[in-house]
Structures are given as C-alpha cells and as structure tokens.
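One chain comes next, on its own, written out as structure tokens in the form predicted on its own.
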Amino acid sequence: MGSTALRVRFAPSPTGYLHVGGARTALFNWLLARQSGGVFVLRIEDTDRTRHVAAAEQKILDDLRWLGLDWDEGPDAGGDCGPYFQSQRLDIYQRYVEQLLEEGNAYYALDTPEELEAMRADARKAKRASTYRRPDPLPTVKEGLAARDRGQPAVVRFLMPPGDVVVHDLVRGEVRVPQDEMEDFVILKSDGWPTYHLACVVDDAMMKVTLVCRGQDHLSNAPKHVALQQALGFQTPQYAHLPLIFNLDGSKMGKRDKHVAVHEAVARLIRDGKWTIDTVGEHARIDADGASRWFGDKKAGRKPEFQALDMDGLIRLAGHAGVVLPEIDVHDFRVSGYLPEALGNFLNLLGWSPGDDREHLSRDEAVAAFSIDRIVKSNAKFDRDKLLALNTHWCAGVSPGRLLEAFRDFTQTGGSALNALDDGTASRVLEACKGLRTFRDVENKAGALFVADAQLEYDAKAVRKVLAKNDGQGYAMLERLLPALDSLATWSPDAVEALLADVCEKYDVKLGDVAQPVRVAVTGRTISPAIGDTLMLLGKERTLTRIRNCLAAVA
C-alpha cells in the first residue's frame, strides 16, 4: 500500500435499512483500517433522489453501530474532508463538471427520450449491446446552456478518451476493457444533480481514499472511474472488488426475496378464496390499483410490480398473511434475535478465510487475521444454517451480562412484550432457555408466561393431543396434580420436579404424561422451558390459577 496511511471508505445509499452485502463491505473496510492503523470514512451517497428514503441515513448508522463498527470520519464524527453527505456537496461537483466542460473532456448531450429509445431499439434490432452514439459535431457549452434555459432535457456526458481502460484490482487481477465497449456516460443529470460516477470519483479524491474496497457489482463502474480520474488529474486509488453474496440456490440475495415470500402466501389465500385483491390493498394500506399492480395477473401475462408496495406496506401485509419475512437487511437479523457478534463473525467468512479451520472469530481475532490476499474470487453463499449454528455458539459463549444486554436490545427493537421484564426476571428467563439459538426462541418458549392469565390462548392441536386424548387423560392428570401442587411447601424447580417424579412413580406413567398436561395448562402450548423452571417463573399462585382455569373451561 506504500507509506501513505491507509484510508478506506464505506459509502451506502440511503434507500432503507443496511443490506447484509453492504454490511460485509463495511466490515471488510473497517477491518483493513483497524489492522493498519488507518482511517475508516463513512460517506452517505444520497444524490439519487428518486430512491432516497426519509430517515434511512439514521437507520444505516444504527445498523453499523449495532454491528460494532465505528467510523473515524463521517456523520456524527466530523472530519477534515466533509461534508459527508453528497447532497451537501453539490457546489463541489459543479466545479468539476465546469472544469471538464472547459477542458473539452465533457459535453452537453441534448438527446430527447425518444431519440435515446430509438438508439436502444436499433441496438436490439442489430442484436448488439446498446451504447450511446456520440453526436457529431458535439454541442457547445453555449448550446447546452441555452437548451437548459428553454427547458429542454440536457445532461452532461463524459467524453471517453481513446484506448482501452485498465483496472488493477487486488482481488480480480488486471481487468482490461476495450475502447469499443465503453461509451460516453452521464456525469450530470438534467435536474442538475451529479450521477453516482462523478460524485464517487470526486469524493474519493477529496476524501483522500487510498483503497476502494467494494462489491463486485461495481467492477463494471471501475473503468469509467479510472478514465474520469485521469481526466480530472486525480490519483487512482487501489481497488479490491469483493465477491457477490448469493442464496444457497444461486439466486441473488435482495429485498425481492421478501416480496416473493409474501406474494406466494397471498396467492394461496386468494386461490383458496380467503382473500381478494381488495383485501391486499386494505391490509397493505394502498389503493386498489397499487394492490393489483403488486400482485400482477398471470392469466393476462402481467408480472407483479413489486415496486408498487413499499417495505412498511409489505411488513403489514406479511403480518396479516402470517408470513415471517426472510432476513435480508441487518435490521432483520437484529429483530429476529441474532447477536451482532455472530452476524459479524458470519459476514467475516463470506468471501474470506483466515487460512485455517477456524470458524469462530472474535472481532480482535478477525482484525489480526484479515488480509486482502485471502479474499476469494468466487461468489459467497449465504448459509443460514451456518449462521444459526454460529449464533447458538455465541449465545452460549458470551457472559450472562452481555447476553442480557443483547436480549434487552432485541426486546426493545422488536417491540417484544418481554421488554417489560425487570433485569432479574429477564436473567432467569435466559437461564431457563439455555441452548437458545436466537432470542426468538426465548420469546416462543417463555412469552406465554408473561401474558395476563385471562388472556392466555390455547393451541387447539396441543389441547387435542395432550389434554383431551384418551377420553381426557390429560385433564384427569391435572385434577390429580392440582392438590399436590397446592400443598407444595417449597416452590422451586427442584421441588416441582421431585413432586412430578413422585406422581410418575405413583401412577406408573412417564414424565411426559405428567409434565406435558401441566405445560399445556399453564402456557397453552407444548413448548416451554423445563417444567420446573416454567412453574418457577410463573409462580405458585399463577400456576394454580391457570390450571384451575384450564379445568374450568371443560367442566
């Protein structure tokens, strides 16, 4: 890297929560900076106003902090190279556009949308890639400004120089793009906002970035950026393009996965006559046209237009359809009950290996081991089973205090009813749920213990299989147990379990024949912590009340 201190950046676009692919990019850059004593810059690339989502910047900052990634320069941190929001740097970009125009390295392009579509149609007809045809002669700056004044669409395009463009990539090696595959690309849109290409190149130079480490989907942009850097007299940073992340089935991992999951469930509900398109609109809170466009029409050959429904609407629709959305964004994993230590450990291994058999890496161990030369070229596969195994490992390995802290974040962020528990009770719940895979397991196993007794709901299948089978054998066992539990002097897990063992011996039955009826009676389901821990957390009086309520319901 030379003697210059390493400066890397992560530059997300505020279109929503942070995607795990972006989180992996941020993590790799952070590791490089921390390992070398360099600088990690956070820059918000918010020039695409059509995709900008209000408050998304804060969501990204929160996601990064949750992962334990801090930045040396950027929003909330300051620095000498700000502002760190591109929307606040428009005057800077304008100066460089004017420089390129004055030096003959850019020009105003006055093509109408119809003319551009005609170019694309010609390319399709000729079965060749669509590239922009440079006008001859080029419009002058005066003509371009006059066109703008008349309200005519006028963009500024970079004039690609002759010759091939070569990108030296630390992961991919030398990437050479022939001249005939390059076109004059837009650097300033007709609304006066810069494109990604111009803003990215200018900011990397102004923020003194020495290494650009980003996803492989940006590799096609690198030749444009190198050519633009050369025209502006900027030093080209080193590049390292990371392998893409795919689902195990080879599909691209993205927000579309969430729409597909909900669409499949909604299609079943409509097919079964339980929902209509109007139901979709009502639950998603969109008009009938939007609901129709989102769902599509297979018979009419209209594909679903998923962009017709925003993420808030999709979440509402998923809730009504009973769909658990697949985790795609960092926030998804946070509210699903994963530890940031586990997710960070997992992301560390997507496209990189420490060179040995280690899979469990603390952040300090990752900093010490990380190197660009161990980044692989092949695409990474997002193995959710492996992530779950890592999370189980981390949940078992962190201190009780850290586990409680993470559990508190889960209950607060996801709006869990367990957030009302005091620290002592929450700690006892976590102890009772040892072996948990995610904090959702805790909610599923122990959540019923903390609802009001009168609001306890019984799973019909559990009642049928445990309490009512064999002519109400489970109910009969509860009748026998109730006075014994009522007279139990010491209310502790050991005392409860000893009593149940005595009942098993007395009636020559298995523990499940005794414990399961109690579990269903006090939780409404067949799953809870160990029966002694379950009754201890519930308390004697509430245990007796719930058993009595259960018996009264069939009296």
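In this text the structure is predicted, and so the values were computed from the model without any measurement. Whichever C-alpha set is largest while still superposing within 1.5 Å between the two forms counts as the rigid core. One rule holds for the numbers: they count along the sequence shown, beginning at 1.
Below, we turn to the form predicted in complex with the RNA, even though it does not appear here.
Undergrad: For the three residues Leu219, Gly355 and Arg437, verify that every one has a non-hydrogen atom within 4.5 Å of the RNA in the model of the complex; reply yes or no.
TA: Each of the three qualifies.
Undergrad: Considering non-hydrogen atoms and a 4.5 Å limit, which listed residue (Arg172, Arg408, Arg316, Arg363) is close to the RNA in the model of the complex?
TA: The residue in contact is Arg172.
Undergrad: Please identify the residue among Glu98, Glu305, Asp453, Glu359 with any heavy atom within 4.5 Å of the RNA in the model of the complex.
TA: Partner contact (heavy atom, 4.5 Å) among the options: Glu359.
Undergrad: Pick from 469-477, 109-117, 133-141, 453-461: which stretch has non-hydrogen atoms within 4.5 Å of the RNA in the model of the complex?
TA: Within 4.5 Å of the partner lies stretch 109-117.
Undergrad: Does the RNA come within 4.5 Å of any heavy atom of Val376 in the model of the complex?
TA: So Val376 counts as contacting the RNA.
Undergrad: Are any of the heavy atoms in Ala380 no more than 4.5 Å from a heavy atom of the RNA in the model of the complex?
TA: Within the cut-off, so yes.
Undergrad: Please tell me whether any heavy atom belonging to Arg176 falls inside 4.5 Å of a heavy atom of the RNA, as the geometry stands in the model of the complex.
TA: Result yes; Arg176 sits at the interface with the RNA in the model of the complex.
Undergrad: So in the model of the complex, is the RNA close enough to Gln516 to count as touching (4.5 Å, heavy atoms)?
TA: Answer yes; at least one heavy atom of Gln516 falls within 4.5 Å of the RNA in the model of the complex.
Undergrad: Going by the RNA in the model of the complex, which residues of 510-547 come within 4.5 Å of it through any heavy atom?
TA: Read in sequence order, the residues that approach the RNA (within 4.5 Å, in the model of the complex) are Leu511, Gly512, Ala515, Gln516, Arg519, Thr526, Ile527, Ser528, Pro529, Ala530, Ile531.
Undergrad: Does Ala123 move appreciably between the shown form and the other one, meaning a CA displacement of 2 Å or more on the superposed rigid core?
TA: Shift at Ala123: 2 Å or more after core fit.
Undergrad: Taking the rigid core as the frame, does Val466 move its C-alpha by 2 Å or more between the shown form and the other one?
TA: The answer is yes; the displacement is at least 2 Å.
Undergrad: Using the core for the fit, does the CA position of Ala26 change by 2 Å or more between the shown form and the other one?
TA: Comparing the forms between the shown form and the other one, which are aligned on their rigid core, Ala26 does not shift its C-alpha by 2 Å or more.
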